[in-house]
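Below you will find one chain, with nothing else, as C-alpha cells; this is the form predicted alone, and questions on how it binds or moves follow later.
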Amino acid sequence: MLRLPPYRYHRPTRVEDAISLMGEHAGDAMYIAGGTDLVPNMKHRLFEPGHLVALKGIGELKGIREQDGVLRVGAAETLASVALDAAVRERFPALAEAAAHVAGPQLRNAGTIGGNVCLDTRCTYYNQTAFWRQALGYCLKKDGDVCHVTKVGRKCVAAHSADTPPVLMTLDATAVLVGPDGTREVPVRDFFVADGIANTRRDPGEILTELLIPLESASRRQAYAKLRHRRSIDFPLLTVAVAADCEPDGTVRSIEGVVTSLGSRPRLLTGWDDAAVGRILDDELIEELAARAHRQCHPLENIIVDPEWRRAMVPVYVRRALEGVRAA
C-alpha cells in the first residue's frame, strides 16, 4: 500500500487567506483542489509538502456565469459541473466534451477545471513509485540529472496530458491568476512553456481563480477528439481541438488546430490559415490539413506506447476533429 507523507491540511475560505498561508509556509506548501492528480503523486513521493492549502472551500473560486461579454468559469468548478453546465454545452460544446472525457465519473466529480489546466506533466519514467524510480536512478524531473527519454540531462520532455487546455486555446480563453503581487491575466495560449518540469507561467504562490471565455468565440465551429488506451479513466495519448470561423456557405475565414500529449505543452498546428482561408472545408482540404499535422508532430517515448504509432494516429484524429467542425 502506498501511503501519503505527513502533512498539515489548511482550509481557508478566502483567496487572500490561501495566499497568506502559502507565503507563511513558502517552499513547504502546495495548493490542492480536487487532489485527483496531486494525491497519487504524493503517494509516489513526487511531491512531499509539509502543508496543503485547500481551495475547494473558497466560494469565490466557484460559479459559471456570463458577465461583461465573457463566460466566467470558476477554477474550483468540478469537471463534471463544467461538462453538464447548460451555458457551456450550448455555447462551447467542445469544452463540455473535453471536460466529460477526463478520467472517469468519480474523478470528474472531484477534479476541477483549474486543476486540469494546471495539471503536472507526465512521463513513463516519472509517474512511478519511489522504489521504481530509485532502481532506475531517478530522472531529470525528480531527484536525478538525466532524462531517460532523450538520454541527456539538458531538458525534461515529460508530456502535457490535460484535456481542456487545447480547447480553451482555440476559444481564446484567458486564465486569471491571483498571487502576493496582485492579479494578472494570461491568455491560455501563452500560459504554457516548453519545460516538462514546470510547464506553466503560474508562480507557485499564485492561484488560478477563473477562466474567461469570450462569448464571441461561441460563433466558432468547434470539435474535440481524444485518443487513449480505453474510453474511460486513461490519460490521453493524443488530444486534438479545432475551431473555425466560417461563412454561411462554409467558406473558411480562419481555422485553428491544437494538439497535446505529444510534448510538454499544447502545440498550435501552423500553416492552417494559409491553406484553408477562402476554401470550403471539403474532403480535399481536410486531408491536406491532416497531412500538415502529421508532418509537424513527432511524439517521444515519454508514454508507454510506440511513438510511431502515436504519430500515425495524428492525421486520423485531426481528420475526425475536422469532420466534426464541418458537421457543426
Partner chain sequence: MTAPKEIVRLDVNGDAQEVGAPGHFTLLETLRYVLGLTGTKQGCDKGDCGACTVIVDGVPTLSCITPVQEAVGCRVVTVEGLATALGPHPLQDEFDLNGAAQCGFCTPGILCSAVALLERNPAPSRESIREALAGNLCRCTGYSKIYDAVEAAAARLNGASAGGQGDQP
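Numbering follows the first chain given and starts at 1. It should be emphasised that the depicted structure is a prediction, and the values quoted were computed from it without experimental measurement.
Missing here is the form predicted together with its partner chain; even so, the following discussion is about that form.
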Look at the candidate spot formed by L119, R184 and T209 and say whether its partner chain comes within 4.5 Å of a heavy atom in all three of them in the predicted bound form. no
Just one of A54, V70, L300, C297 has a heavy atom within 4.5 angstroms of its partner chain in the predicted bound form, so which one? A54
Note which of V258, L227, L107, V252 lies within 4.5 Å of its partner chain in the predicted bound form, where distance is taken over heavy atoms; exactly one does. L107
In the predicted bound form, P40 touching its partner chain (heavy atom, 4.5 Å): yes
Please run the contact check for T124 against its partner chain in the predicted bound form: heavy atoms, 4.5 angstroms, yes or no? no
Classify W309 as contacting or not contacting its partner chain in the predicted bound form by the rule of any non-hydrogen atom within 4.5 angstroms, answering yes or no. no
Could you confirm whether S232 comes within 4.5 Å of its partner chain in the predicted bound form, counting heavy atoms only? yes
Note: its partner chain not shown here; in the predicted bound form, the stretch from 217-225, 161-169, 98-106, 134-142 having heavy atoms within 4.5 Å of it is 98-106
Within 1-33, which residues come within 4.5 Å of its partner chain in the predicted bound form, counting heavy atoms only? M1, L2, R3, L4, P5, P6, Y7, Y9, R11, I32, A33
